[in-house]
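Form predicted on its own, single chain, as structure tokens, below.
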């Protein structure tokens, strides 16, 4: 039986930010936080596996599509936080679309980053440039089964090109992919160290490498790109529901959202009163598609796209 003074936190951003959130809430609330970090696809799979006997209380962070799928399947609980009034419209829309079973906590545009010491001119500027033969075996992206970042890429290309054309593109891109990583941010970390030339990631992950001095340039693809609404959900039937709601409200506060920049994370926060880090990619200067979160967060759509990716891309490796 869980102790009353505990919170079991499933976290799907990078380790440093996860730790900072857990430690800060524990310090402010006196509630003991037990944190596990997994990518969003892995956390969704864990919630599914624990259905009916959940061990977690809050799922914080990671792309919104698997949060929406978890909401649709009843794995997460409805909750209307008093903090909703302070949030950006896109964060509230995420809550409304899920019947208030999830909420937006940050936003970030998809793109890629390249190592300027490994990539000669002309610099790549578009999705189509990634098919260039000069990048053979020199691009990395995550596996969309484990990574919300890579699923966002899959859903973005389908929305830009149409499904068959997107899979044709991904089949051609596969010839230039050296590795499908488990974590969404790993490709740009590997580009920063020179293991690969290009990493397909959310642009803020590329910026995070650049600000540490790595020779990384972030690219917003010319054809347009999708974006994520990083989300937070309460686990249905979790062992510490009262503590979970306390964390949820705290995590939507400007003070909690300002912790991202401290952890070298440059997403755009959802609370209108939270400071936006100056390094954050400016969403209004990027050609964003009208990303259909409801459709591509739906269980059937996700399962169909992931099954097709497994059959046409993953199985060829």
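Positions refer to the first chain, counted from 1. Everything numeric here is computed off the predicted structure, so don't read it as measured data.
Unshown form predicted together with ligand PLP; subsequent notes refer to it.
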Handout entry: Non-hydrogen atom contact residue 40 with ligand PLP in the predicted bound form at 4.5 angstroms
Key = yes
Exercise for the section: Answer with yes or no whether residue 62 is in contact with ligand PLP in the predicted bound form, where contact means some heavy atom within 4.5 Å. Expected result: yes
Exercise for the section: Look up in the predicted bound form whether residue 267 has a non-hydrogen atom within 4.5 angstroms of ligand PLP, and give yes or no. Expected result: yes
Practice task
Give a yes/no on whether residue 233 approaches ligand PLP to within 4.5 Å in the predicted bound form, heavy atoms considered.
Solution key: no
Completion exercise
Heavy atom within 4.5 Å of ligand PLP in the predicted bound form, from candidates 227, 106, 247, 114, belongs to 106
Fill in the blank from the handout: The listed residue (147, 243, 102, 209) that reaches within 4.5 Å of ligand PLP in the predicted bound form by any heavy atom is 147
Problem - Answer range among 77-85, 200-208, 233-241, 128-136 for contact with ligand PLP, defined in the predicted bound form as heavy atoms within 4.5 Å - result: 200-208
Handout entry: Stretch 154-186: residues contacting ligand PLP in the predicted bound form, 4.5 Å heavy atom cut-off
Key = 183, 184
